[in-house]
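This document opens with one chain alone, in structure tokens, the form predicted on its own.
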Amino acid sequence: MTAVTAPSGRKVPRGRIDKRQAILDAAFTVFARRGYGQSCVQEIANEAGVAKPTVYNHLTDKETLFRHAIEAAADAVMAENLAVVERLREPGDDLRAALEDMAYRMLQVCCGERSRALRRLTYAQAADFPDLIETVQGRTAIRLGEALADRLARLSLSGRLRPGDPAQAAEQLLALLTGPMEMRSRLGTRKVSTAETRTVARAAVDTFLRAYEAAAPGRP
């Protein structure tokens, strides 16, 4: 059986890693559907297609299972967002179009079922798990801001954006995207149409470029 390297650095059979991931995916699905308090390990085992003892062999108790499921979901959302931001590595000649495309794709991730479920669960369980918001933000919003800041810094160095604080620029661009989308989606309870999503993306990029776009040659 093929072995893979676990986060701890230990070699683990691939089948065990795959089964653990299946359990985490199933756990997140059940927790998102029923909430933490109403979920049970047996239902998670059924969703994953494994025996209940198998769940406990991988994750020792319900709280540990919940925390790891949330972290795995946050990492999956972050991976989607990092792939979107990476598109700015080669923005092409039309920077506005590249930023609008990135913004639209980022909003699609934000409005995806996994992202929405992650936000709902995080807010709902914050009282029982006080560190949960910090954990999720650390694996999503903060990392996304850092990745976007890196891309914006490179655009500034190449002369396509004005010199400035890239971290602040990234924070402001993300706020221009997430703020209106939270309003339009009624905090994630309403589906936002493709047309609305594109409108939010275009407006955010337009406002951002008014502040940060480098002046054309010969203009102050």
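In case it trips you up, residue 1 is the first one in the sequence shown, and so on. Computed from a prediction, not measured in an experiment: that's the story for all the values here.
Omitted from view is the form predicted in complex with another copy of the chain, to which the following refers.
Participant: Scan Val109, Ala98, Ala147, Ala124 and let me know which has any heavy atom within 4.5 Å of another copy of the chain in the predicted complex.
Facilitator: It is Ala124.
Participant: Could you spot which one of Asn46, Ser156, Gln168, Thr54 gets a heavy atom to within 4.5 Å of another copy of the chain in the predicted complex?
Facilitator: Only one listed residue qualifies here, and that residue is Gln168.
Participant: Taking another copy of the chain as it sits in the predicted complex, is Ala22 in contact with it (heavy atom to heavy atom, 4.5 Å or less)?
Facilitator: It does not: once another copy of the chain is placed as it appears in the predicted complex, Ala22 has no heavy atom within 4.5 Å of it.
Participant: Flag Ala195 as yes or no: does it have a non-hydrogen atom within 4.5 angstroms of any non-hydrogen atom of another copy of the chain in the predicted complex?
Facilitator: No - in the predicted complex, heavy atoms of Ala195 and another copy of the chain never come within 4.5 Å of each other.
Participant: Can you tell me if Glu134 lies within 4.5 angstroms of another copy of the chain in the predicted complex, counting non-hydrogen atoms only?
Facilitator: Yes, Glu134 lies within 4.5 Å of another copy of the chain in the predicted complex.
Participant: How about Lys191: is it within 4.5 Å of another copy of the chain in the predicted complex, going by heavy atoms?
Facilitator: The answer is no: Lys191 has no heavy atom within 4.5 Å of another copy of the chain.
Participant: Picking from 114-122, 100-108, 73-81, 87-95, which part of the chain touches another copy of the chain in the predicted complex when contact means heavy atoms within 4.5 Å?
Facilitator: Heavy atoms within 4.5 Å of another copy of the chain in the predicted complex occur in 114-122.
Participant: Going by heavy atoms, what in 24-61 lies within 4.5 angstroms of another copy of the chain in the predicted complex?
Facilitator: Those in contact are Arg33, Arg34, Tyr36, Gly37, Gln38.
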